[in-house]
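Here we start with a single chain on its own, the form predicted on its own, put down as structure tokens.
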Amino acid sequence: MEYVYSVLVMIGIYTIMASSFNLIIGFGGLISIAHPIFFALSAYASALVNLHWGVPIPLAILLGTLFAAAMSVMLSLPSLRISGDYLLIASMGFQLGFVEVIKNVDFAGGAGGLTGIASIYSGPSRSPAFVVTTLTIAATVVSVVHWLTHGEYGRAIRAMRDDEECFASLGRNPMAIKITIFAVGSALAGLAGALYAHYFQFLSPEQFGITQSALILTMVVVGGMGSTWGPVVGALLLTALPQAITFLNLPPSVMAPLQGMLYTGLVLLFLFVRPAGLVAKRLGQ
């Protein structure tokens, strides 16, 4: 039963990740692959301030989330002022650089990973309580993203995404919207990371590499980029599918490349066969 609980927690965490990434790339049109790094930044920050300074876990999660948002602003301010391509390059460099830094910082566990992270809940009801908490937060995040993208501000986001120059000519500030949605999306990814840290109680640099970027992108593309429910469907499918593959009992040397090929193959397949994804966005989104 513990296995089922862990899968449900991962579904909730990936739903938060995919929905927040969809806000950035699907609704905002901002091309970045560093989403797992904001997940990692918050996970490490939340775990470390609790582990070394005794900050209560709820406050540690909040601090980790805010730290991820602040770091996203530091990344987006210089890169978004030039062009979207520079955000992609900057995010890639930021991701690769961060992973290497963590591997060499003993304070954060180094290459061996960070252990001894405290859990929010304890006792026999720990896992069920965490499932309820994570799925409730995931549902709230989906609702927040829907609310943010389907009102007046959502129309401004789509107008900025579709024609930035025309949008600016109307006296609106596209940079402000870009930085805002990038920060909000990264903060939500940070929230997911903090939840992950305090549930699994172990963090390793290898968990936040390019493979994770490919997984989150696949969830959004397969589910339906620019739709509210697409990332939810993508998170459900892409969390369950790797679990099914594990029952094949393949060696790790085969499993990792197979998962990478699976994510890449699904993205290419859907881009050619069904670009709108499993849940197509409504007209005007």
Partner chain sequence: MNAPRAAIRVTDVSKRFGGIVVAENVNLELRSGEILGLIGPNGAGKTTLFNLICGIHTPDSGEIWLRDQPLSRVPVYRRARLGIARTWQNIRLFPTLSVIDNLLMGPRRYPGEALLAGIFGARTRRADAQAARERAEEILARMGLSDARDKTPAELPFGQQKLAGMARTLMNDGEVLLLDEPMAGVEGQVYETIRQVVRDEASAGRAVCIVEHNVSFIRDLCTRAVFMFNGCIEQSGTMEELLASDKLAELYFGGRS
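The structure displayed is predicted, hence computed values, not measured ones. Residue numbers count along the first chain shown, from 1.
One more form of this protein should be noted, the form predicted together with the partner chain, which is absent from this view; the next part is about it.
The stretch among 199-207, 110-118, 179-187, 131-139 whose residues place heavy atoms within 4.5 Å of the partner chain in the predicted bound form is 179-187.
Taking the partner from elsewhere, Ser169 is found to have a heavy atom lying within 4.5 Å of the partner chain in the predicted bound form. Interface membership of Arg155, defined by any non-hydrogen atom within 4.5 Å of the partner chain in the predicted bound form, is confirmed. By the criterion of a heavy atom within 4.5 Å, Asn173 is counted among the residues contacting the partner chain in the predicted bound form. Contact residues in stretch 121-151 (any heavy atom within 4.5 Å of the partner chain, taken in the predicted bound form) are Trp147, Leu148.
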